[in-house]
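Listed next as structure tokens is one chain, alone, in the form predicted alone.
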Amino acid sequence: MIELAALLFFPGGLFVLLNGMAYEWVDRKLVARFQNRVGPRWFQPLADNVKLLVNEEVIPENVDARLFITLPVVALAGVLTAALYVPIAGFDPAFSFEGDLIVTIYMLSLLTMATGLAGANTRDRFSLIGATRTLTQLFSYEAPFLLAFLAPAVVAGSWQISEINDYAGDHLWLILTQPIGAIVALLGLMGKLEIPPFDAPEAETEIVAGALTEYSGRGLALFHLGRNVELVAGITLLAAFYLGGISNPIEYVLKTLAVLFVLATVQTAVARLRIDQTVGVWWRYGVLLVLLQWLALIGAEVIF
């Protein structure tokens, strides 16, 4: 019964969904203030999702209807599963096992893969272009993003998120000893979320809503909720690994909001990159920098 409550309500399920909408509002509000705008009211993300959930879902012609309906569900289920292994709200993960870090990182990629398949499932030109950009960008940032999170695991001597979190809390903040990994992880998360400057897959001024152009109603709401959950899980991992761990709700709020503030700042300060620029930067510099950091860590262990 306790495990079911943890899965459905807290620290998973309903709490993560509400937390995701709250952090979406904070992000939108910060970006608006940085741009000298007022920004949305506090309940706007909730109102948007409720409205979409009660709207009719229009299924376009010439699509696989079963795939069209299933992909949003799979996307949301994937990120909710990933959140179960993360110390949400500063509490122990709802579920934990040796190697759950690898599972979590790849479950976070399920949203992007489902988005790409959703766009490829239609004949709309904007959706097809968005799907191509989504999957191209996925292949460019996934390797450096994975390596950036594996470096703290190697230092901690464990592939279990809860153990890495405990190690980070007992030692010097890893952002000081592994700054490159922290930066690459942050940028990789922005790529996963498709937020500026990595929003080429859904550039509103070019391809409407990208891969999700044909989605409306419940399907679009589930994709939006999935992105909110991925935001929460991603910044929680960043804070737990690189900002000295998360052991209580106060640390959770302060450290995750600090990461969110940096995300909003980068969104505001940097213009959108073209998809070829994104791929070129990540493959040429992202992986190389993380690998150099790995060599530095290995060398330090050998010397000391």
Partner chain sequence: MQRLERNWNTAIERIKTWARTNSPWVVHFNSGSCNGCDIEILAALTPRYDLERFGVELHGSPRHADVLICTGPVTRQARDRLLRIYEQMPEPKFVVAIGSCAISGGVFQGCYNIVGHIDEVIPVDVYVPGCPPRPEAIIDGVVKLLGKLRPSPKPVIEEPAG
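Since we're looking at a predicted model, the values are computed, not measured. Residue numbers count along the first chain shown, from 1.
This protein has a second form, the form predicted together with its partner chain, left out of what is shown; the following refers to that one.
- Stretch-level contact analysis of 28-36, 245-253, 258-266, 232-240 against its partner chain in the model of the complex, using heavy atoms and a 4.5 Å limit, identifies 28-36.
- Contact between Glu56 and its partner chain in the model of the complex is found at the 4.5 Å heavy atom cutoff.
- A residue is said to contact a partner when one of its heavy atoms sits within 4.5 Å of a partner heavy atom; His224 meets this definition for its partner chain in the model of the complex.
- At least one heavy atom of Glu214 is located within 4.5 Å of its partner chain in the model of the complex.
- Contact check for Leu67: every heavy atom lies farther than 4.5 Å from its partner chain in the model of the complex.
- A heavy atom within 4.5 Å of its partner chain in the model of the complex is found for one listed residue only; from Ile175, Ala151, Leu80, Leu220, this is Leu220.
- Not one of Gly116, Pro179 and Ile195 places a heavy atom within 4.5 Å of its partner chain in the model of the complex.
- Residues of 40-73 that come within 4.5 Å of its partner chain in the model of the complex, judged by any heavy atom, are Pro40, Arg41, Phe43, Gln44, Leu46, Ala47, Asp48, Val50, Lys51, Leu52, Val54, Asn55, Glu56, Val58, Pro60 in sequence order.
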